[in-house]
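Single chain ahead, by itself, as structure tokens, in the form predicted alone.
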């Protein structure tokens, strides 16, 4: 069973091309239809190419993570890629904008995506949540099975390891997040601080949301036109968020200025809204308590001379930009370490996946040994229960080490040939997973019996359920 990923992202496709795909996957119903379409793709013999599929779609990427039927190793990839291009664009030539990863390449790619190493902003946290939503949706549609279940849980664990063992997500790399992080460094505890937002720009909205997330409840917003400020709050924030917000008249903000600990300025003014002579008296009124000013306007709205006033901390858009640039460099360095963790996790998953190939050989070998023991012991032991107990015990003892070696050999580079050699050496019959009338693999009786015996004897061997 091969793992296949077909997709496009900000790295491979233009924005209008990404939009064409995402627009056709906006609703759950549309994603369900697409899932069913792909699962229905068959060859000339009526056999389905794809067994399982998870559909991921975000603002920057759309990816289809699949496991292929056992009879279509690798070769089904280009058939599916061509089908996907026609589905979204009606043109097979558009196949070129989709990338394709197979097996270990697919596993590493998914783990990098989950760990936010493939994101436009390395280390951003949203993609992991989006992956979990996509996986849960596929489970709800019964489109994800044993192989993808294992793959996605391993991807989630890998992402957690990357975040805990590296600093790939530790430093702020957005203006809004940086503003909050700088505030935390100046005040340590933010919850009781009062914040004033001058202006109603998009960056201001994102920063307000970050402050609310960190528990601030005293947030004031003003604009030269109060109606615009009220509309800004009404259209930009949810019901719970609005409870933390207060809109004040622009004419009142200056006399209230001494009460604020943090002031963020994002207006369209061409002149300074806050000047040196405005702020200098405030520090005495505030009894030298720190005042943090953030100017994300262009042109600047806060007089840079204010930075000379003791206990006043002023950061403009360039200051924050340099901070973000440094943090991006840190994240990129950490990403190199994170990729080593991804490689380890991918190797572990591929070892597990390849070990599944050993199951039919192990079943055959166990049956061979049990048949020999059955023949020999039947001449000496009449009690069936006693005989079966001895047969099972001896089989487990004889095959414990060979089983471990067979599993190990199946995960090595020449694993397929190693398994063939073992089958030839012991003259083993082939016991494979069978397929139902739709070409879907299912567990046959021999495989089921082996799995149950393995569980009863507390061995470490696992079989596809």
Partner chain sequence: MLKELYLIPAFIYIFSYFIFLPKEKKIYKIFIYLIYAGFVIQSLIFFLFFDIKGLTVPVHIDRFVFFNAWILMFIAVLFGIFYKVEYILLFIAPLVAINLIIGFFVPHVLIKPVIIGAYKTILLTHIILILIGDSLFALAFIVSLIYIFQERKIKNKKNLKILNLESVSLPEAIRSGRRYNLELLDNINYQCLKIGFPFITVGIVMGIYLSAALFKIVIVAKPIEIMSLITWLIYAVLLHERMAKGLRGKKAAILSVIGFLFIIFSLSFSFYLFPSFHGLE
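Numbering follows the first chain given and starts at 1. Throughout, rigid core stands for the largest set of C-alpha atoms superposing within 1.5 Å between the two forms. Note that the structure is predicted; figures quoted are calculated from it, not measured.
There is another form of the same protein, the form predicted in complex with the partner chain; it is not shown, and what comes next is about it.
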Checklist entry - So which of 377-385, 321-329, 359-367, 91-99 is the stretch with heavy atoms within 4.5 Å of the partner chain in the predicted bound form? => result 321-329
Checklist entry - Just one of 333, 251, 393, 311 has a heavy atom within 4.5 angstroms of the partner chain in the predicted bound form, so which one? => result 311
Checklist entry - Looking at 259, 269, 288, 126, which is the one with a non-hydrogen atom within 4.5 Å of the partner chain in the predicted bound form? => result 288
Next on the checklist: in the predicted bound form, does each of 167, 177 and 189 have a heavy atom within 4.5 Å of the partner chain?
Outcome noted: yes
Checklist entry - Is residue 246 close to the partner chain in the predicted bound form, meaning a heavy atom pair under 4.5 Å apart or at it? => result no
Checklist entry - Can any non-hydrogen atom of residue 315 be found within 4.5 angstroms of the partner chain in the predicted bound form? => result yes
Checklist entry - Going by a heavy atom distance of 4.5 Å, is residue 347 a contact of the partner chain in the predicted bound form? => result no
Checklist entry - Is residue 119 close enough to the partner chain in the predicted bound form to count, meaning some heavy atom within 4.5 Å? => result no
Checklist entry - Would you say residue 118 moves between the shown form and the other one, meaning its CA shifts by 2 Å or more once the core is fitted? => result no
Checklist entry - 2 Å or more on the CA of residue 145 between the shown form and the other one, with the rigid core superposed, yes or no? => result no
Next on the checklist: After superposing the rigid core, is the C-alpha displacement of residue 341 2 Å or more between the shown form and the other one?
Outcome noted: no
